[in-house]
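Below, in C-alpha coordinates: the form predicted on its own, a single chain.
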Amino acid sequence: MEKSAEKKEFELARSIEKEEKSKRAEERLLGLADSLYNQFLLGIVPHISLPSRTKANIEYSSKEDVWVYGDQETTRSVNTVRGAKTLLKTVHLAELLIKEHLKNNRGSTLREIYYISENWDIAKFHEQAESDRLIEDLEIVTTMHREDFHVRPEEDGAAVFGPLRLKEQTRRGEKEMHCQEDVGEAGYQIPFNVDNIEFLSHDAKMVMAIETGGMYARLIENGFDEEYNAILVHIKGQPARSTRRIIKRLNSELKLPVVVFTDGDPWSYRIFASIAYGAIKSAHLSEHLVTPSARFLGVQPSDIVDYNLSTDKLTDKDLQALRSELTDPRFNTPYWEKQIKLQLDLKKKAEQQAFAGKGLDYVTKTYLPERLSEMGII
(Lines give C-alpha, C1' and ligand atoms only; values in the text may rest on other atoms or scores of the structure.)
Protein backbone atom coordinates (compact mmCIF):
# COMPACT_ATOMS: atom_id res chain seq x y z
CA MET A 1 0.00 0.00 0.00
CA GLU A 2 1.35 3.41 -0.95
CA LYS A 3 2.23 5.67 1.93
CA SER A 4 0.05 8.72 2.52
CA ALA A 5 1.51 12.18 1.95
CA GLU A 6 1.26 12.83 5.71
CA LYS A 7 3.31 9.71 6.55
CA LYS A 8 5.93 10.56 3.95
CA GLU A 9 6.20 14.08 5.34
CA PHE A 10 6.54 12.74 8.90
CA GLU A 11 9.27 10.26 7.92
CA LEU A 12 11.14 12.93 5.95
CA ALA A 13 11.03 15.33 8.91
CA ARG A 14 12.35 12.60 11.23
CA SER A 15 15.14 11.76 8.79
CA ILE A 16 16.20 15.40 8.43
CA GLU A 17 16.13 15.91 12.20
CA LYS A 18 18.29 12.81 12.75
CA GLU A 19 20.80 13.94 10.12
CA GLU A 20 21.04 17.40 11.66
CA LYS A 21 21.64 15.97 15.15
CA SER A 22 24.32 13.62 13.82
CA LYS A 23 26.05 16.49 12.02
CA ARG A 24 25.90 18.67 15.12
CA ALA A 25 27.26 15.82 17.29
CA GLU A 26 30.16 15.30 14.86
CA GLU A 27 30.98 19.02 14.80
CA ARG A 28 31.05 19.24 18.58
CA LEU A 29 33.23 16.14 19.00
CA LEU A 30 35.63 17.58 16.41
CA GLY A 31 35.47 20.85 18.34
CA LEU A 32 36.70 19.03 21.44
CA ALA A 33 39.64 17.56 19.50
CA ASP A 34 40.39 20.99 18.04
CA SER A 35 40.38 22.54 21.52
CA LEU A 36 42.88 19.97 22.84
CA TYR A 37 45.11 20.42 19.77
CA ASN A 38 45.15 24.21 20.20
CA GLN A 39 46.13 23.78 23.85
CA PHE A 40 49.14 21.79 22.65
CA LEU A 41 50.08 24.53 20.16
CA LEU A 42 49.81 27.24 22.81
CA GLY A 43 51.92 25.31 25.31
CA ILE A 44 48.95 24.82 27.65
CA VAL A 45 48.68 21.52 29.45
CA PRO A 46 45.81 19.75 27.59
CA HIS A 47 42.73 19.45 29.78
CA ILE A 48 38.95 19.50 29.87
CA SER A 49 36.77 20.84 32.68
CA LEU A 50 33.63 19.07 33.85
CA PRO A 51 31.09 19.68 36.61
CA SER A 52 31.70 17.68 39.77
CA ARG A 53 29.17 14.83 39.83
CA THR A 54 28.58 14.73 43.58
CA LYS A 55 25.72 15.29 45.98
CA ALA A 56 27.40 18.52 47.10
CA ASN A 57 27.29 19.94 43.56
CA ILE A 58 23.63 19.65 42.65
CA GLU A 59 21.34 22.62 43.02
CA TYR A 60 17.72 23.41 42.33
CA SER A 61 16.90 25.26 39.12
CA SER A 62 13.74 27.26 39.73
CA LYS A 63 13.56 28.04 36.01
CA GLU A 64 13.23 24.39 34.93
CA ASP A 65 12.00 23.01 38.30
CA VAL A 66 14.72 20.32 38.30
CA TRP A 67 18.03 19.60 40.03
CA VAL A 68 21.13 20.42 37.98
CA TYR A 69 24.90 20.66 38.49
CA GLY A 70 26.31 23.65 40.34
CA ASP A 71 29.56 25.57 39.77
CA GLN A 72 32.02 23.07 41.25
CA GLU A 73 34.28 21.59 38.56
CA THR A 74 36.86 18.87 38.16
CA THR A 75 39.66 19.00 35.59
CA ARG A 76 40.84 16.10 33.46
CA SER A 77 44.45 16.96 32.63
CA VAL A 78 47.57 15.25 31.24
CA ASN A 79 49.46 16.63 34.25
CA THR A 80 49.37 13.17 35.82
CA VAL A 81 49.71 9.66 34.36
CA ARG A 82 46.18 8.81 35.43
CA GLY A 83 44.79 12.03 33.94
CA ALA A 84 46.71 11.50 30.70
CA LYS A 85 45.30 7.99 30.32
CA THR A 86 41.76 9.22 30.96
CA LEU A 87 42.10 11.97 28.37
CA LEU A 88 43.62 9.50 25.90
CA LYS A 89 40.64 7.18 26.37
CA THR A 90 38.27 10.12 25.90
CA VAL A 91 39.91 11.02 22.57
CA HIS A 92 39.84 7.39 21.40
CA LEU A 93 36.15 7.25 22.28
CA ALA A 94 35.39 10.48 20.42
CA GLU A 95 37.23 9.11 17.37
CA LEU A 96 35.16 5.90 17.49
CA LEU A 97 31.93 7.88 17.66
CA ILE A 98 32.91 10.09 14.72
CA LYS A 99 34.45 7.49 12.37
CA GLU A 100 32.31 4.42 13.08
CA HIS A 101 28.99 5.83 14.26
CA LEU A 102 28.33 9.27 12.82
CA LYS A 103 30.08 9.02 9.45
CA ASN A 104 28.78 5.49 8.74
CA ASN A 105 25.35 5.90 10.37
CA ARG A 106 25.94 2.92 12.65
CA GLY A 107 25.62 2.42 16.38
CA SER A 108 26.85 0.36 19.33
CA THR A 109 25.55 -0.60 22.74
CA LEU A 110 27.32 0.62 25.86
CA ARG A 111 28.53 -2.94 26.41
CA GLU A 112 29.92 -3.19 22.87
CA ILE A 113 31.90 0.03 23.31
CA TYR A 114 33.55 -1.45 26.38
CA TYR A 115 34.65 -4.53 24.36
CA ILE A 116 35.71 -2.46 21.33
CA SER A 117 38.34 -0.80 23.53
CA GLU A 118 40.16 -4.16 23.89
CA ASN A 119 42.05 -3.13 20.73
CA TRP A 120 43.17 0.23 22.15
CA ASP A 121 46.24 -1.06 24.05
CA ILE A 122 46.92 1.24 27.02
CA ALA A 123 43.71 3.16 26.29
CA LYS A 124 41.41 0.18 26.83
CA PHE A 125 38.78 0.43 29.55
CA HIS A 126 39.24 -1.59 32.73
CA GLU A 127 35.47 -1.96 33.28
CA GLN A 128 32.23 -0.88 31.62
CA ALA A 129 31.54 1.69 34.34
CA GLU A 130 34.60 3.58 33.08
CA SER A 131 33.45 3.71 29.44
CA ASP A 132 29.90 4.62 30.53
CA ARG A 133 31.29 7.53 32.56
CA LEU A 134 33.33 8.84 29.62
CA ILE A 135 30.24 8.72 27.38
CA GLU A 136 28.57 10.94 29.99
CA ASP A 137 31.61 13.24 29.92
CA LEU A 138 31.22 13.65 26.17
CA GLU A 139 27.52 14.39 26.60
CA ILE A 140 28.39 17.17 29.03
CA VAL A 141 31.17 18.83 27.01
CA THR A 142 29.17 18.68 23.76
CA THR A 143 25.70 19.31 25.33
CA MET A 144 24.40 16.39 23.24
CA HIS A 145 22.76 13.10 24.25
CA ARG A 146 24.30 9.66 23.80
CA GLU A 147 21.46 8.80 21.40
CA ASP A 148 22.82 11.58 19.16
CA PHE A 149 26.12 9.64 19.08
CA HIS A 150 24.14 6.48 18.09
CA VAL A 151 24.93 4.86 21.44
CA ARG A 152 22.24 2.69 22.93
CA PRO A 153 21.88 0.75 26.20
CA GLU A 154 21.36 -2.98 26.53
CA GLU A 155 17.74 -4.10 26.45
CA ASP A 156 16.28 -3.25 29.85
CA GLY A 157 12.83 -4.84 29.58
CA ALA A 158 10.92 -1.75 30.81
CA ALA A 159 7.36 -1.67 29.50
CA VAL A 160 4.07 0.25 29.31
CA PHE A 161 0.55 -1.15 29.68
CA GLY A 162 -2.63 0.91 29.57
CA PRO A 163 -5.16 2.92 27.57
CA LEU A 164 -2.69 4.55 25.18
CA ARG A 165 -2.42 4.39 21.40
CA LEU A 166 0.95 5.32 19.91
CA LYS A 167 3.02 5.21 16.76
CA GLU A 168 6.70 4.29 16.73
CA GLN A 169 9.13 5.09 13.94
CA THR A 170 11.41 2.08 13.43
CA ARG A 171 14.06 1.14 10.86
CA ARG A 172 11.37 -0.82 9.04
CA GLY A 173 8.85 1.98 9.01
CA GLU A 174 6.00 3.02 11.28
CA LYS A 175 4.42 0.71 13.84
CA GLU A 176 1.09 1.66 15.43
CA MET A 177 -0.42 -0.06 18.47
CA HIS A 178 -2.69 0.20 21.48
CA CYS A 179 -0.86 -0.54 24.73
CA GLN A 180 -3.71 -2.68 26.12
CA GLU A 181 -5.24 -4.32 23.07
CA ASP A 182 -2.25 -4.96 20.79
CA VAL A 183 0.39 -6.13 23.27
CA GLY A 184 1.11 -9.26 25.30
CA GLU A 185 1.01 -9.64 29.05
CA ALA A 186 4.31 -7.79 29.45
CA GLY A 187 3.02 -4.72 27.61
CA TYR A 188 4.67 -2.43 25.06
CA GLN A 189 8.46 -2.61 25.28
CA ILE A 190 9.94 0.87 25.59
CA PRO A 191 12.50 1.57 22.81
CA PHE A 192 15.86 3.13 23.66
CA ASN A 193 15.00 6.34 21.75
CA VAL A 194 11.62 7.41 23.05
CA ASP A 195 11.55 10.49 20.85
CA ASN A 196 10.73 8.18 17.92
CA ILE A 197 7.29 7.66 19.51
CA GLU A 198 4.22 9.75 18.67
CA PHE A 199 1.29 9.62 21.10
CA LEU A 200 -1.94 9.32 19.09
CA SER A 201 -4.75 9.06 21.65
CA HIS A 202 -5.48 7.92 25.19
CA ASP A 203 -8.21 7.44 27.81
CA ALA A 204 -5.86 7.69 30.77
CA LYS A 205 -6.27 9.68 33.97
CA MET A 206 -2.88 8.93 35.49
CA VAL A 207 0.51 7.32 35.00
CA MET A 208 1.79 4.89 37.62
CA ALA A 209 5.47 3.99 37.55
CA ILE A 210 6.04 0.66 39.31
CA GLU A 211 9.36 -0.69 40.55
CA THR A 212 8.91 -4.45 40.59
CA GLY A 213 7.76 -6.84 37.87
CA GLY A 214 5.64 -8.75 40.37
CA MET A 215 3.56 -5.71 41.31
CA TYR A 216 3.32 -4.56 37.68
CA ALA A 217 1.93 -8.00 36.73
CA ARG A 218 -0.43 -7.97 39.76
CA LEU A 219 -2.00 -4.67 38.75
CA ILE A 220 -2.50 -5.86 35.17
CA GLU A 221 -3.97 -9.20 36.30
CA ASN A 222 -6.35 -7.40 38.69
CA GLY A 223 -7.47 -5.02 35.92
CA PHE A 224 -6.29 -1.91 37.73
CA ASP A 225 -5.39 -0.20 34.45
CA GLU A 226 -8.97 -0.61 33.16
CA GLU A 227 -10.78 0.24 36.38
CA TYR A 228 -8.81 3.44 37.00
CA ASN A 229 -7.77 4.34 33.44
CA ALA A 230 -4.13 4.10 34.43
CA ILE A 231 -1.06 3.83 32.22
CA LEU A 232 1.24 1.44 34.07
CA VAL A 233 4.98 1.75 33.51
CA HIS A 234 7.27 -1.04 34.72
CA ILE A 235 10.46 0.80 35.60
CA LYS A 236 12.35 -2.40 36.48
CA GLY A 237 14.43 -1.19 39.38
CA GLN A 238 16.57 1.89 38.76
CA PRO A 239 14.89 3.27 35.62
CA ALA A 240 16.78 3.56 32.35
CA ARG A 241 16.89 6.90 30.58
CA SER A 242 14.30 5.76 28.06
CA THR A 243 11.91 4.90 30.90
CA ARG A 244 12.35 8.28 32.55
CA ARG A 245 11.96 10.00 29.18
CA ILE A 246 8.65 8.33 28.35
CA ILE A 247 7.31 9.14 31.83
CA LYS A 248 8.27 12.78 31.33
CA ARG A 249 6.63 12.89 27.90
CA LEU A 250 3.41 11.27 29.17
CA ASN A 251 3.29 13.93 31.86
CA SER A 252 4.28 17.01 29.86
CA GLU A 253 2.54 16.23 26.56
CA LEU A 254 -0.61 14.44 27.76
CA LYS A 255 -0.89 16.42 31.03
CA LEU A 256 -1.24 13.25 33.10
CA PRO A 257 -0.32 13.13 36.80
CA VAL A 258 2.51 10.72 37.63
CA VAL A 259 2.79 8.65 40.80
CA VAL A 260 5.67 6.32 41.66
CA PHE A 261 5.07 3.01 43.48
CA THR A 262 8.17 1.30 44.87
CA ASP A 263 9.36 -0.84 47.76
CA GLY A 264 9.71 0.90 51.10
CA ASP A 265 13.48 1.13 51.46
CA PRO A 266 16.17 3.81 50.92
CA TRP A 267 17.27 2.41 47.56
CA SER A 268 13.72 2.63 46.23
CA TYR A 269 13.41 6.24 47.40
CA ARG A 270 16.40 6.96 45.16
CA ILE A 271 14.50 5.38 42.27
CA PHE A 272 11.74 7.90 42.88
CA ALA A 273 14.32 10.68 43.17
CA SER A 274 15.78 9.83 39.74
CA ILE A 275 12.30 10.24 38.22
CA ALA A 276 11.15 13.34 40.10
CA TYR A 277 14.34 15.18 41.06
CA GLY A 278 17.05 13.85 38.75
CA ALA A 279 19.96 11.47 39.29
CA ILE A 280 23.29 12.87 40.47
CA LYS A 281 25.32 11.23 37.69
CA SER A 282 22.94 12.44 34.94
CA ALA A 283 22.00 15.89 36.25
CA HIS A 284 23.17 17.33 32.92
CA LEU A 285 20.08 15.67 31.39
CA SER A 286 17.54 16.71 34.02
CA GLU A 287 15.56 18.98 31.72
CA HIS A 288 15.22 16.10 29.24
CA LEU A 289 14.44 13.26 31.66
CA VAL A 290 12.96 14.54 34.91
CA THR A 291 9.27 14.81 35.83
CA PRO A 292 9.24 17.41 38.65
CA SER A 293 5.52 16.96 39.38
CA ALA A 294 5.85 13.18 39.96
CA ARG A 295 4.73 12.18 43.46
CA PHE A 296 5.74 9.31 45.70
CA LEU A 297 2.85 6.95 46.27
CA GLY A 298 4.50 4.32 48.47
CA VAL A 299 5.44 2.06 50.06
CA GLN A 300 5.85 4.77 52.71
CA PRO A 301 7.39 4.07 56.11
CA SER A 302 4.09 5.25 57.57
CA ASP A 303 2.32 2.53 55.52
CA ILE A 304 4.26 -0.10 57.47
CA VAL A 305 2.49 1.13 60.59
CA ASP A 306 -0.90 2.08 59.11
CA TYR A 307 -1.36 -1.20 57.20
CA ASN A 308 0.56 -3.44 59.61
CA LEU A 309 2.75 -4.78 56.79
CA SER A 310 5.16 -7.67 57.02
CA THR A 311 8.69 -6.28 57.21
CA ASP A 312 12.39 -7.04 57.14
CA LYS A 313 14.97 -5.51 59.42
CA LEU A 314 17.01 -2.63 58.02
CA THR A 315 20.63 -3.61 57.41
CA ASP A 316 23.58 -1.43 58.38
CA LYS A 317 23.86 -0.38 54.73
CA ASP A 318 20.15 0.54 54.69
CA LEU A 319 20.57 2.68 57.81
CA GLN A 320 23.61 4.38 56.34
CA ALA A 321 21.72 5.09 53.10
CA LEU A 322 18.78 6.61 54.99
CA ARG A 323 21.07 8.90 56.98
CA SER A 324 22.75 9.92 53.74
CA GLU A 325 19.37 10.84 52.27
CA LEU A 326 18.73 13.15 55.21
CA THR A 327 21.72 15.21 54.01
CA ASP A 328 20.77 14.96 50.31
CA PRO A 329 19.32 18.32 49.15
CA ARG A 330 16.79 16.52 46.95
CA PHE A 331 15.18 14.96 50.03
CA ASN A 332 15.26 18.19 52.04
CA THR A 333 11.47 18.47 52.41
CA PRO A 334 9.19 18.13 55.46
CA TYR A 335 7.56 15.04 53.92
CA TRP A 336 10.80 13.12 53.36
CA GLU A 337 12.38 14.17 56.64
CA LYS A 338 9.32 12.89 58.52
CA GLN A 339 9.16 9.60 56.62
CA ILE A 340 12.90 8.87 56.78
CA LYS A 341 13.14 9.66 60.49
CA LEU A 342 10.14 7.38 61.12
CA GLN A 343 11.85 4.55 59.26
CA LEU A 344 15.06 5.08 61.22
CA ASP A 345 13.00 4.73 64.39
CA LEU A 346 11.17 1.64 63.12
CA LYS A 347 14.36 0.04 61.76
CA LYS A 348 12.13 -1.82 59.29
CA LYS A 349 11.52 -1.93 55.55
CA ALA A 350 8.72 -3.42 53.45
CA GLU A 351 8.37 -4.70 49.89
CA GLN A 352 5.46 -3.94 47.56
CA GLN A 353 4.50 -7.61 47.68
CA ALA A 354 3.92 -7.34 51.45
CA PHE A 355 0.33 -6.34 50.67
CA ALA A 356 -0.24 -9.88 49.36
CA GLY A 357 -0.26 -11.06 52.98
CA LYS A 358 -3.72 -9.51 53.20
CA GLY A 359 -4.95 -11.13 49.95
CA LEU A 360 -4.10 -10.81 46.25
CA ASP A 361 -6.76 -8.12 45.70
CA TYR A 362 -5.89 -6.00 48.72
CA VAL A 363 -3.39 -3.75 46.94
CA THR A 364 -5.82 -2.85 44.13
CA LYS A 365 -9.07 -2.88 46.11
CA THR A 366 -7.91 -1.22 49.32
CA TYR A 367 -4.42 0.26 49.48
CA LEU A 368 -4.12 1.97 46.09
CA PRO A 369 -7.66 3.46 46.07
CA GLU A 370 -7.13 4.80 49.60
CA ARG A 371 -3.69 6.20 48.89
CA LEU A 372 -4.63 7.72 45.52
CA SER A 373 -7.71 9.29 47.08
CA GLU A 374 -5.57 10.75 49.87
CA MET A 375 -3.26 12.21 47.22
CA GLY A 376 -6.22 13.70 45.29
CA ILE A 377 -5.50 11.65 42.17
CA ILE A 378 -8.87 9.85 42.17
Partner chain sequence: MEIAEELAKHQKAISVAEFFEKNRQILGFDSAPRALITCVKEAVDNSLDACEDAGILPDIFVQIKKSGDYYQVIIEDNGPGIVPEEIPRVFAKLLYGSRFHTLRQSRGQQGIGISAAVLYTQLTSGKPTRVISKIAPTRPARYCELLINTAKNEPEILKSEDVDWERPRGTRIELEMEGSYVRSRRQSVYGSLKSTAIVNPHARLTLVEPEGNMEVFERATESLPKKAYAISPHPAGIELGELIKLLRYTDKKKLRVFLKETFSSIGAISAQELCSLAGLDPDVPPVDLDHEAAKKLHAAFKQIKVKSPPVDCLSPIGEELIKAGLEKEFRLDFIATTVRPVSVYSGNPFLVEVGLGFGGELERESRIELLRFANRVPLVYQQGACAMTHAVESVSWKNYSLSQPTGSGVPVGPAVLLIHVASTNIPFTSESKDAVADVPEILVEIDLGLKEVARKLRRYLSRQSILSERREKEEIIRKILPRIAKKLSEVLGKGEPDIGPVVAKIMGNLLVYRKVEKSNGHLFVKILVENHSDLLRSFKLHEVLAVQADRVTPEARVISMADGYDYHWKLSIAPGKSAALSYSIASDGVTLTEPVIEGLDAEIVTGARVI
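Positions refer to the first chain, counted from 1. Only a predicted model underlies this, so the values are computations on that prediction, with no experimental measurement involved.
Unshown form predicted together with the partner chain; subsequent notes refer to it.
K.L.:
With the cut-off set at 4.5 Å between non-hydrogen atoms, does residue 88 touch the partner chain in the model of the complex?
P.N.:
Flag for residue 88 set to yes.
K.L.:
Classify residue 34 as contacting or not contacting the partner chain in the model of the complex by the rule of any non-hydrogen atom within 4.5 angstroms, answering yes or no.
P.N.:
So residue 34 counts as contacting the partner chain.
K.L.:
Even though the partner chain is not shown here, does residue 98 get within 4.5 Å of it in the model of the complex, heavy atoms only?
P.N.:
Contact check for residue 98: yes, within 4.5 Å of the partner chain in the model of the complex.
K.L.:
Just checking whether residue 80 would be counted as a contact of the partner chain in the model of the complex - the rule being heavy atoms within 4.5 angstroms.
P.N.:
Heavy-atom contact with the partner chain at 4.5 Å: present for residue 80.
K.L.:
For the partner chain, considered in the model of the complex: do all three of 43, 84 and 92 come within 4.5 Å of it, counting heavy atoms only?
P.N.:
Every residue of the spot touches the partner chain in the model of the complex.
K.L.:
Spot the stretch among 138-146, 71-79, 104-112, 212-220 with residues whose non-hydrogen atoms come within 4.5 Å of the partner chain in the model of the complex.
P.N.:
Of the options, only 71-79 has residues within 4.5 Å of the partner.
K.L.:
Identify, from the list 319, 342, 30, 326, the residue with a heavy atom within 4.5 Å of the partner chain in the model of the complex.
P.N.:
Only one listed residue qualifies here, and that residue is 30.
K.L.:
Tell me, which of 185, 121, 181, 127 has a heavy atom within 4.5 angstroms of the partner chain in the model of the complex?
P.N.:
Partner contact (heavy atom, 4.5 Å) among the options: 121.
K.L.:
Scan 127-150 and write down, in order along the chain, each residue with a heavy atom lying within 4.5 Å of the partner chain in the model of the complex.
P.N.:
None of them.
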